[in-house]
Ligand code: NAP
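Encoded as structure tokens, the following chain is the form predicted on its own, with no partner shown.
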Amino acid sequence: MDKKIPVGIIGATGAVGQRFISLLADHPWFEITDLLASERSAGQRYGDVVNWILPDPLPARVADLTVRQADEGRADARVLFSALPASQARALEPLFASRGHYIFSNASAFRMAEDVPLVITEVNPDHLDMIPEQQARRGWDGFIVCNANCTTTHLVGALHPLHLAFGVTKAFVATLQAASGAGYPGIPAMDLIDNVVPHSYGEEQKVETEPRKIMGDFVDGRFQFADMTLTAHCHRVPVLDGHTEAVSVALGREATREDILDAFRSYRRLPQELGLPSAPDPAVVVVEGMHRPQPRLDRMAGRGMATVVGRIRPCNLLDWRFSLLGHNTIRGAAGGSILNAELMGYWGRLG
């Protein structure tokens, strides 16, 4: 691109907002111009109000920006990344979209809305064609595009190659989700240390329903959910970053272990073909050995944007089972939204 596109972040002081800043600070296509947060931070220098929790330093240029009040619904940048909690996103994201802003949301508030694309760029970029219908229905000049739940993102990252090659009819997943997925400060240390905390049923519902929308078809202006059954058991564990998932799948066609490996290793989709700046290549990383993947060793694969799979073996209950790992705040949160925006920018739809 000849000129960088101005972008803003709603919910800029929170953990996911900080991850957006970290990933966008030196982005070749986007330039951060707007930081929006609560009334408590509005009107102040960002560097003076943020409790920066990431290991990489807060960029000086971003630190000097003045925070604007999010609930006023105004920003100079047309492209906005939402790191809002769902409860705030329900009101604020439509407000910004109604004023002509392009919202790339990490919130869950509108993921399952019948006119809102829920997109993983490798899987369902055609779902972005719903945007004109969304605008027409709601009377907006802007739009909302969602990325998936952090656990869903990496689950679909592993299921989709198998679904394309063999058809996935059933999937069972048990998750071990990192502490950072609860935001900051998150779960109190006395609750999580020396412990495993079962997640809320709402999390399990997301993991059981979002993949069916994402891996489904877009036909005649409607989303058609994929014909598969999923069940999930979700848990929070004392790991900083990186969600681990134990997955069993039933396939529509027979496959050998070599077939499974080939499906993962040959998986190369539109973001990789286009060379989008944040796209991991490969999108799926296969690790060998019965003790991988592990969060400390594998969460930064593809700069935190890849899904890592290993321990591929036959399943006594379904057909095949494997372990997967993915970085929950990079690809599973901010990075997924940024990649969606990159695709729209490549297509010239952010002008």
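Because the structure is predicted, anything quoted here is derived from the model rather than measured. The numbering used is simple: start at 1 and walk along the sequence shown.
Keep in mind that the form predicted together with this ligand is not shown, yet the notes after this line are about it.
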property	result
Heavy atom distance at most 4.5 Å to this ligand in the predicted bound form, all of A70, P85 and T329	yes
In the predicted bound form, S278 touching this ligand (heavy atom, 4.5 Å)	no
T175 within 4.5 Å of this ligand in the predicted bound form, heavy atoms	no
In the predicted bound form, S41 touching this ligand (heavy atom, 4.5 Å)	yes
Proximity of A37 to this ligand in the predicted bound form, heavy atoms at 4.5 Å	yes
Stretch from 135 to 143, 191 to 199, 213 to 221, 107 to 115 whose residues place a heavy atom within 4.5 Å of this ligand in the predicted bound form	107 to 115
In the predicted bound form, the one of C234, C150, V168, L80 near this ligand [non-hydrogen atom within 4.5 angstroms]	C150
Within 10 to 30, the residues that have a heavy atom no more than 4.5 Å from this ligand in the predicted bound form	G11, A12, T13, G14, A15, V16, G17
